[in-house]
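In the structure tokens that follow, a single protein chain appears in two forms: structure 1, then structure 2.
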Structure 1
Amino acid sequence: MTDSKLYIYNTLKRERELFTPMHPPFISLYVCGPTVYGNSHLGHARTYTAFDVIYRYLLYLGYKVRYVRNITDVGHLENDADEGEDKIAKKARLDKLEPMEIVQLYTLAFHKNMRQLNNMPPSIEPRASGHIIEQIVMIEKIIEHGYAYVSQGSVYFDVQRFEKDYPYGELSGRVTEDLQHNTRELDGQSEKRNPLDFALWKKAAPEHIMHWPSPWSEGFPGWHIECSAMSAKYLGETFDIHGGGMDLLFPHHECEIAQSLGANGKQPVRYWMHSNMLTINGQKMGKSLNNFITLDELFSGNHHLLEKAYSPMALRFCLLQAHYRNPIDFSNKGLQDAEKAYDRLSGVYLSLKDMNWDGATIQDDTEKLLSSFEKECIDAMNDDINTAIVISNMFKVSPVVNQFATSGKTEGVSKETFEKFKNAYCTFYTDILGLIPEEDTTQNNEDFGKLVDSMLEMRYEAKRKKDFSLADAIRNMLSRFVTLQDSADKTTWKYEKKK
């Protein structure tokens, strides 16, 4: 370990800050989860992989992290607005299913995609619909403190009243006068006093399927209140880190801050962290623009924009090659370059993990390169989680490891340095970046080897019986997975990752 300290960029303060947890060694981390009305796309992979690595790094530093990531299953209306149909209810209507069937279907699909990407599950995964009471109690507090009003059975947050006591717009940098200017005038029919006010509770229209009793009406909570209520319940009124994609800065996170200040009089979050967007042709990938590629499509290659299928690990590697606060634009070339680079890195990891020190000499440059590896990687992670630099450090040492592998000797480095380096490299590859070498699952699988051997025996038998079409069929099938080498008396095989 090194004595450098973790700095992270705090979106609220607009600067890199030394990270000091409220109650070490415990860390409270909340990340806004998905609205489960469709399959996850590359944009979701971007944000959740970024926070997975942050979570993994905090664990590596020895912290005990309570990681809460919610499931939004109610209250998120079309266009992120206060009017319109609930996204989940709409999908249920179109697919002729119960809303909770939609929620179950896409929550399971989301979990499957997260496992494919090797994203660790959160410690708690609360659902908005399971926390209606907590949301009602929080809304009551906000009304009691004068920051919300009831209007025709719905409850709205009173932004103007709130602004008399607290700043509004600090996180997103939006000024209410500008917001006011850009917002539609109220049409006289509106229940809101001011267009900037946002819904805490909505009275359900007769056709609205998901509704609950409340002091104000049979209705449903607004989208923003769920995260305020659930983060406070599981992490406390003030907690360490809140994350999500940058698209959530306004209105979602801005409203979360206002709600928590309005209810509890405390800033809810000490460090706000936001990952940048995954874009396609420079535009945010998302459901609303209908420009998304789902993860299932990416992994199967089944989308007109894809030249081929890409593995979950190739995508993970591609995402981690960029700093989490920089945008990533989708391209086949980007993914294919990442795939090749990831293959090379995995090759290094696979040969290093089984390598033992047996050097006889020490060369200053090799010793220096390998002994500084761990510190340089930790420094990069401590510099606002710079995975891009970690990966470039891993490439910097590759020629040395490859040289060890080809010569069969770990020449030029002391035993102590080699062992420390090997341990650090493997830890960064698997535990912190969360990569899994793809060859591992097949190449090193004993059963796979036995299967290939028995098929080769069958082929030999077929040839002996002069059933050449069967022998060829077996050969063709095996060639999809392994490279075969026939000689006069035997056939050998070698596993090679087939593209």
Structure 2
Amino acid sequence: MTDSKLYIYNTLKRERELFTPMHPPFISLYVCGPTVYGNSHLGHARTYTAFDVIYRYLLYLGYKVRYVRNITDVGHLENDADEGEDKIAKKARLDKLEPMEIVQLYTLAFHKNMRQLNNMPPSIEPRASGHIIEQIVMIEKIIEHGYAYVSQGSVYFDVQRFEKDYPYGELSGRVTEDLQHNTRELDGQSEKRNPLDFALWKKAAPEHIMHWPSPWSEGFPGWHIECSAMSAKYLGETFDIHGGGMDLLFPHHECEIAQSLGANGKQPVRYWMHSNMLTINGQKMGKSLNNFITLDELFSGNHHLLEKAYSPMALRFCLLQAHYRNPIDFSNKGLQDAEKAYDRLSGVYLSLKDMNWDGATIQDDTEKLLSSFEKECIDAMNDDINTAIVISNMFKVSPVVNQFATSGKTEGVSKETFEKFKNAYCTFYTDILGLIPEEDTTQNNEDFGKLVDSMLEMRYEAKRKKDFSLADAIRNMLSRFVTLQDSADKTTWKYEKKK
């Protein structure tokens, strides 16, 4: 599959482009990671699940992928501004803990949530606090090239000077004149030459907990410089794909471009990819609106907006039903509809993975439908990672698989087509979409299976003796726990989550 071509959305040029790697195939991927001062929420699930699927698909195509996702543990100030308290330091002060205790606590919680969602870990997960030297060196280069200045112990990026050589705002489509007109005065603004200038290094106030020595002051790095420094260290001065949520498009990613150009004179990224935002019942998610839902709350049902608990896989399926660049509105109805749809596809997968070909005849419609499945799914993924179309294709073939399971015969399809289809379906379900069928432990419980088989024998004996009342009673009782499928000569069963 190494010669496959991947269409991905190039935000900078606002058009689709064909991207093929050099050989040997290698792709570098950087995704902005979380600021670890609180529990992971639905927005995190949206972004990191989207890029998990992108990572999985690149691996499926045969690429060697270096996937870097950072941890922000310093320099991210309140309201994403250049003034105010560090978000982690503020949490540490309120909880009376060391900042690195906060970092460790919420990093572990983030990793737990990512495992629950079946998101693969990145190749490298650097922390901003572990790369202070790299950030200082990059700032020194930006100053040397004339794109930054020192002011009262802090260092600011000079946007007006930068714009004499490079455009600023091209990624997000912002115009600096409009930005400057709409910029309000902030505390510390007097340190800057221009309201649009942003901090590369901040001198620490006496009460600031987290600070390091530098050529300019005892202080800490700005939020934007960390990603520029760490991506350059692990992926090079120019790398393939940079991802993150749409909320990072401006100012964070715009500042990253300016910093990298200012330090290295090169565009840092070939392709920018952004997952879109989500709303809750039509409103933007926020603590002030009392609709902020963490992943732990979603999985436990412990939130006033939730009618019930929702499983990690139901959430993952819900996210993948929409294209990663389309907005998503979360509601109980939407999640419950996704849950039902996911259960249906899980049943198809569980039936198919243990199914063997034993057909005899070939029907043109069935043969055509199953033989085209893999290509249609690949075409959808190549068209800017369109997981919604992949899921639609899975539903399209579901009636055929269910018919196979009910009849116990894979009629209408050749052995070659069936085996190719089965492999493609199972690969897309587990390896690319990253879904896991939620099977109750009783399905793999040997004693439970023996009990079901014994009761099916009792039912068969009752039917042989024409005691249909007893046979129906046994079926009704078993149907509370398993799904029975009767054919002419046998009854098969499988465990499915019952509502």
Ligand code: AMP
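Each form is matched to the other, and the largest set of C-alpha atoms that superpose within 1.5 Å is called the rigid core. Remember, it's a predicted structure, so these values are computed and weren't measured experimentally. All residue numbers here follow the sequence of structure 1, with the first residue given the number 1.
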Check: Is the form predicted in complex with ligand AMP structure 1 or structure 2?
Finding: 1
Next item on the list: Please say whether, between structure 1 and structure 2, the C-alpha of Leu456 moves by 2 Å or more once the core is aligned.
Entry: yes
Notebook entry, point to check: So, does Lys64 move by 2 Å or more at the CA between structure 1 and structure 2, with the core held fixed?
Noted result: no
Note to self: Does Ile54 move appreciably between structure 1 and structure 2, meaning a CA displacement of 2 Å or more on the superposed rigid core?
What the structure shows: no
Next item on the list: Would you look up how far the C-alpha of Phe481 moves between structure 1 and structure 2 when the rigid core is overlaid, in angstrom?
Entry: 7.5
